[in-house]
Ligand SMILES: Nc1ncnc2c1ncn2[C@@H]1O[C@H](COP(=O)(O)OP(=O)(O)O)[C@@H](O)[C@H]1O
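A single chain, nothing else alongside it, follows as structure tokens in the form predicted alone.
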């Protein structure tokens, strides 16, 4: 170990499948960290289309096989660009920790021939990353937690607890493709779960009706009106009432789901975006009332992810939560763009040092385990 710390690159690509975020950090023995630099690489449009096709359960085996290696090369490219950008040598990086790209996540056990198990698949092969960077690479974090009976998610709460502590009762609310919350409080053990769709359904509708990938700053939603009747219908989705621990993704909120709910949508396209955006905000608010506030009071909410830049969405959250302040990671001098990449660097540090890095109360695993596999 170098002077009580390791230099690491953390890498993340979320359910929106728009690209890769990478960060260079120093991680110290006490798991405190220092952010050095970040770098992002957008997926080529052809790659993104293939990824979304696979994630919507429309890919062939050969597609998944090829994309595992192709995405691995893109992760390696992103890491190498970050190394070049910072001027550090490859030998100066102790390890890379990559979340990879989730293409399927089904933690609920399925039975076949008497074998019952949940499953998850992240592509972006870590051997490809290691070979193309010359740096030891850690990945496949979620599989060990599922093997231990967990949901394989959420994993970022481990880092949330390290970063924010538990002295002040607060919620760390990520709004990516899927929205998820980490509850940190001295009044209860840390717990976390997916509240429902974040940007996923919004992005689908933006592409379908406006041929643009997302609603920048929530401008389209702001020009529409929420259809309260349709929103009430959407809120009847059974997932929202399930008790934590729970996770979700494109296995539920996929293109087929979007097309099904759009059969009852209002005619005005802007109203559709406004209502789908309100769905994300309302399911977050309802989840707090159902599952968070009965366990602990909350002094503040810290929003992160792409949804934090959607003024319509954040405006609704501020309205719903009223007296509870809604802040961003910037208020804590944390780079929101690379927060999840930082989290996986911390998880990778634990893997390298054989430190348990899951939180069973968040994932539902039977025990604490050191998640992650290593390609030297």
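Numbering follows the first chain given and starts at 1. Since the model is a prediction, treat every value here as computed from it, not as a measurement.
If you look for the form predicted in complex with the ligand, you will not find it shown, but the lines that follow are about it.
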| query | finding |
| --- | --- |
| Selected contact from 295, 216, 73, 290, since only one has a non-hydrogen atom within 4.5 angstroms of the ligand in the predicted complex | 216 |
| The ligand in the predicted complex reached by all of 145, 149 and 191, non-hydrogen atom within 4.5 Å | no |
| 4.5 angstroms heavy atom contact with the ligand in the predicted complex for residue 155 | no |
| 4.5 angstroms heavy atom contact with the ligand in the predicted complex for residue 199 | yes |
| Non-hydrogen atom contact residue 33 with the ligand in the predicted complex at 4.5 angstroms | no |
| Any non-hydrogen atom of residue 343 within 4.5 angstroms of the ligand in the predicted complex | no |
| Partner-facing stretch of 227-235, 275-283, 108-116, 168-176, counted where any non-hydrogen atom is within 4.5 angstroms of the ligand in the predicted complex | 168-176 |
| Heavy atom contacts to the ligand in the predicted complex at 4.5 Å, residues of 63-94 in sequence order | none |
